[in-house]
Ligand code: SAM
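For reference, the chain that follows is the form predicted on its own, supplied as structure tokens.
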Amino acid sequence: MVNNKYALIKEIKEYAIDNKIPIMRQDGIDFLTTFIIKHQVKNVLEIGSAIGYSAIMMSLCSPNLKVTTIERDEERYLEAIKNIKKLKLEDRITLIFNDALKTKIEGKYDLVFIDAAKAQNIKFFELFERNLTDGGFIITDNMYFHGLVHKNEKEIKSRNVRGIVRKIKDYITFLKNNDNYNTTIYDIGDGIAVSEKKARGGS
């Protein structure tokens, strides 16, 4: 099964490349899984399943981890179901087919992982922080948006891309000014923000 597992993960990564589906870069996924092990995370709420790659990698790094993940694109959702079944992780990964902003989630999670529509990051954060345990973490991927966040906006030809970059910059400001969290942005993968919820009455 071990060799089979790695072969299946390789297949998923190749499918993502062939179909131009963005998945986390290797150094980003290594950071995320190491973080989960280090902080003994038991349950994760993921916003943006795509084809299930990151949910699978998170589940495989810890035998006790449970993941709830939301995806609004039907084709990607169906592919994620197939991939999760192939790796026999149906009992530990719960897939929800819906727009995350229209999804009401019950329960508390040690980690909320945001990897969906970048322009909606603030809305995702504000909607799902209510599901975070005290001292839990919100991790957001693609903070650099392929390096474009550090570029002069005038160099970005696409108006749509300029708009997304602006929204990510707004999100960075939002995180830095949020007194309920301590946020660090790591220069790993495509930029990863880790926001730790402060204990009540703590600094």
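Counting begins at 1, following the sequence as shown. Because the structure is predicted, anything quoted here is derived from the model rather than measured.
Keep in mind that the form predicted in complex with the named molecule is missing from the display, and what follows is about it.
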Report summary line: Counting only non-hydrogen atoms, the one stretch of 104 to 112, 86 to 94, 129 to 137, 73 to 81 within 4.5 angstroms of the named molecule in the predicted complex is 73 to 81
Requested in this report: Determine whether any heavy atom of I23 comes within 4.5 Å of a heavy atom of the named molecule in the predicted complex, and answer yes or no.
Outcome: yes
Query raised in the report: Does Y53 reach the named molecule in the predicted complex, with heavy atoms at most 4.5 Å apart?
Result: yes
Requested in this report: Please run the contact check for I122 against the named molecule in the predicted complex: heavy atoms, 4.5 angstroms, yes or no?
Outcome: no
Query raised in the report: With the partner left out of view, is G48 within 4.5 angstroms of the named molecule in the predicted complex by any non-hydrogen atom?
Result: yes
